[in-house]
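The form predicted on its own is given below as one chain in structure tokens.
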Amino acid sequence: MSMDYMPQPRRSVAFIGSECYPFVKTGGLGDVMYALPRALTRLNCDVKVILPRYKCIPWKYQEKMVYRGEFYMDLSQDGRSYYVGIMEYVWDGVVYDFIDNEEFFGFGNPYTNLVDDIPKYCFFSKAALAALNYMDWHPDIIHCHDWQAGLVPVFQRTMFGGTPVAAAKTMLTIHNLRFQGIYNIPTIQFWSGLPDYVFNYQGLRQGYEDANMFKGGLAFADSITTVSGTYAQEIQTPFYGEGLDDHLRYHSGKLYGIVNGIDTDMWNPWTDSRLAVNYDITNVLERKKANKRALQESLGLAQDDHMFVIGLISRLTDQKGLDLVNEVLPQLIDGHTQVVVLGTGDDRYENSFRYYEDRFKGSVCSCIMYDEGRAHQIYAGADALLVPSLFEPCGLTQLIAMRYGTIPIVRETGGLKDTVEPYNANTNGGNGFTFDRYESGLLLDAINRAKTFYFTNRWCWDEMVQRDMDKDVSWENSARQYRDLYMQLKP
């Protein structure tokens, strides 16, 4: 009998993180905190998600929360006790417990500035563990996410030693290493109340004066994961390591990379109500043309089935490789190519894409906004999607593009390298076009290779479209890998 069908011991897992769709989401972390627990419940895991009860959570969710209890908890070095309330919401087999405290979470947004965020997430990390003890719910695994929950493994191994929650194994997932929770040692020590010995160079200490909450969590966690195998290797190098590459090399024996998935119910061209025409793998070749025409019409582009339409859906920041796009965009407009940009971000990119739209009327459309419906329409109507990132821990846009039969053109970094196999003319294999070094000439070459293939070898291009739609980009495979890690941690 296959191991996949062997009965698996049930594992209880507490997810601790700062955001989760649909309650509050600012980026990919919110998607993972939503999708991975749901996938794990289908693999015989008992999952509880612990979140802050921010004031900005929509009332339609808050009004359905059920009061589970309250207690007071010491936190800072001044001996003051803080209120901890627990409000519960159950949805689709997952239990969500919200930590309630008006003083820390009564602001409009989850993240404000480090002066406010350091005490907020010191409180949240400790309160989450205290709430597990209070509810008498003792997970096998405590799965923490990003720096905001970085102190959870530190608290668990120090101040919660001897309590029921201390028996759990801890896992800390790196979604984006750029943000780490760094502040001066006295401030973090005051707000956390942690003992002096954790503020050494093996623990939280960084440099002469600072403490790093993420660094401490990575040191104390039983296991570290990140969101792709390539990114797990990259962050052990100085260029990608954000100052923690030596720390991560030291802990490399417990570091694993697991690629994210996407919610294939939310991203489904057969049922997507935002599309002009729905389609699946059996009729994509004809119906995708209808979505292209609808996209061109809605954006004021020349309506022409034979145009090669390139989509770019992104935050407009340096990380996303937009300096390379700026350099090559004028060379793309050749009477056969259209470019559609959707996103907001740095002024210089917003202004440059507006300039290109004005300069190349009918061939370039720059939607400087966040519009979920338009994003769906670009995924369905474009022929190719551009993701030329400087670094990309995982990336979701290339996965969504493949789900919609849109060919990704990506730089070989992080999760982009792990999910996009470059086209091989000898075998007629692969599912996209790639380039390696971060150079505008190589980006232009990758785009031109895709365009040439589109116009001169449409039969093989169409096969790639269907191959991409057939690729499993769901959370199921990723969830199995996480479950297997949980099993190793807690045999």
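Predicted model only: the values in this text are computed from it and were never measured. Between two forms, the rigid core is defined as the largest C-alpha subset superposing within 1.5 Å. A residue's number is simply how far along the shown sequence it sits, counting from 1.
What follows is about the form predicted in complex with adenosine-5'-diphosphate (ADP), which we do not show.
- Interface residue among 365, 132, 188, 396 relative to adenosine-5'-diphosphate (ADP) in the predicted complex, by the heavy atom within 4.5 Å criterion: 396.
- Interface residue among 239, 270, 72, 370 relative to adenosine-5'-diphosphate (ADP) in the predicted complex, by the heavy atom within 4.5 Å criterion: 370.
- Residue 101 falls outside the set of residues with a heavy atom inside 4.5 Å of adenosine-5'-diphosphate (ADP) in the predicted complex.
- Of the heavy atoms in residue 467, none are within 4.5 Å of adenosine-5'-diphosphate (ADP) in the predicted complex.
- Although the partner is absent here, residue 28 is a contact residue: one of its heavy atoms lies within 4.5 angstroms of adenosine-5'-diphosphate (ADP) in the predicted complex.
- Looking at residue 314, you'd find a heavy atom of it within 4.5 angstroms of adenosine-5'-diphosphate (ADP) in the predicted complex.
- For the three residues 375, 379 and 392, a heavy atom within 4.5 Å of adenosine-5'-diphosphate (ADP) turns up in the predicted complex in every case.
- Partner contacts here mean any heavy atom within 4.5 Å of adenosine-5'-diphosphate (ADP) in the predicted complex, and among 153-161, 92-100, 397-405, 195-203 they occur only in 397-405.
- In the predicted complex, the residues of 308-346 lying within 4.5 Å of adenosine-5'-diphosphate (ADP) by at least one heavy atom are, in order, 313, 314, 315, 319, 320, 342, 343, 344.
- The two forms, fitted on the rigid core, differ between this form and the one not shown by less than 2 Å at the CA of residue 255.
- The two forms, fitted on the rigid core, differ between this form and the one not shown by 2 Å or more at the CA of residue 377.
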